[in-house]
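Only one chain is shown below, in structure tokens, and it's the form predicted alone.
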């Protein structure tokens, strides 16, 4: 835990402030909160029936891309829900790759051979990188399927295999819902497992749990002390937080980050220009980001 956790807040301020130093990263909630899975740890409770945020159209994405280009955004991320549920996803990828690097967060279930081939074609045609991040939460069905759903382990591996067969090397993400994944032994076990399924140079990202949404029901919600109330962050500490350099585009407007889209007070406006100000870190998920150094970026 960093020293900042014990540093008193600024006089007259209950919570620390995260300034936006530069808008380097822009996220798009391209699938809204619609997903073909209903994972028990999803911090925005995505599901096949969750319409809290709707899918973004190609037209809407292009409108925000134009604004992003003028503001100097350097990289783009697509998430959901499940991005490949969006019927315009390949057109959206193509349009965004004309402007900068793209990362797509997916559960992999819709990455069939033809989809993997299309992703490879888009990647080859762009001067910018295209990264695919596939989520899995176990080394086998026994550990993964209680979190992601019956039969998902083998379906995820099929998607990963299709990407590898197309010559792509996805980033594999796992959360600490998989017991031991965050330990050195757990990481080594995952890397060995990924090599065994055909990823000769595996790329692994282990994520902490955000105790909101479905995760608050699966295990526990935040304790009352898990907050940044009364704390102070130095500029260096604030700079590590993703909210100091990113914003999130959803069907309901611009939010401060990918984590807080279900909180009305995290909405910053209709346009990117509306969202260039600082943000008060009053949400308990901010505690996780600060204490763990967590970032949604690849």
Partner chain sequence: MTPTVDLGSFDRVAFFGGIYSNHLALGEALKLARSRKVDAIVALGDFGAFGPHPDRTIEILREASLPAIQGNYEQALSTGAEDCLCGYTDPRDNYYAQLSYDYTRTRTSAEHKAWMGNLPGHIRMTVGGRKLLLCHGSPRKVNEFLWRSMTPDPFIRKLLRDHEADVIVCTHTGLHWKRLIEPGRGIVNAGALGRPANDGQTHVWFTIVEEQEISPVPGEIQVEFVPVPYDHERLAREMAEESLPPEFIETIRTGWWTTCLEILPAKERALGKH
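Model, not experiment: these values are computed from the prediction. Residue numbers count along the first chain shown, from 1.
This protein has a second form, the form predicted together with the partner chain, left out of what is shown; the following refers to that one.
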Tell me, please, which stretch of 157 to 165, 219 to 227, 86 to 94, 100 to 108 lies within 4.5 angstroms of the partner chain in the predicted bound form when heavy atoms are compared? 100 to 108
Counting only non-hydrogen atoms and a 4.5 angstroms cut-off, does residue 131 reach the partner chain in the predicted bound form? yes
Non-hydrogen atom contact residue 202 with the partner chain in the predicted bound form at 4.5 angstroms: yes
Considering only heavy atoms, tell me if residue 114 and the partner chain come within 4.5 Å of each other in the predicted bound form. no
At the 4.5 Å heavy atom threshold, is residue 270 in contact with the partner chain in the predicted bound form? no
Between the options 140, 192, 185, 127, which residue brings a heavy atom to within 4.5 Å of the partner chain in the predicted bound form? 127
Answer with one of 172, 73, 147, 210: the residue that has a non-hydrogen atom within 4.5 Å of the partner chain in the predicted bound form. 73
For a quick check, can you give me the residues of 16 to 32 that have a heavy atom within 4.5 Å of the partner chain in the predicted bound form? 22, 24
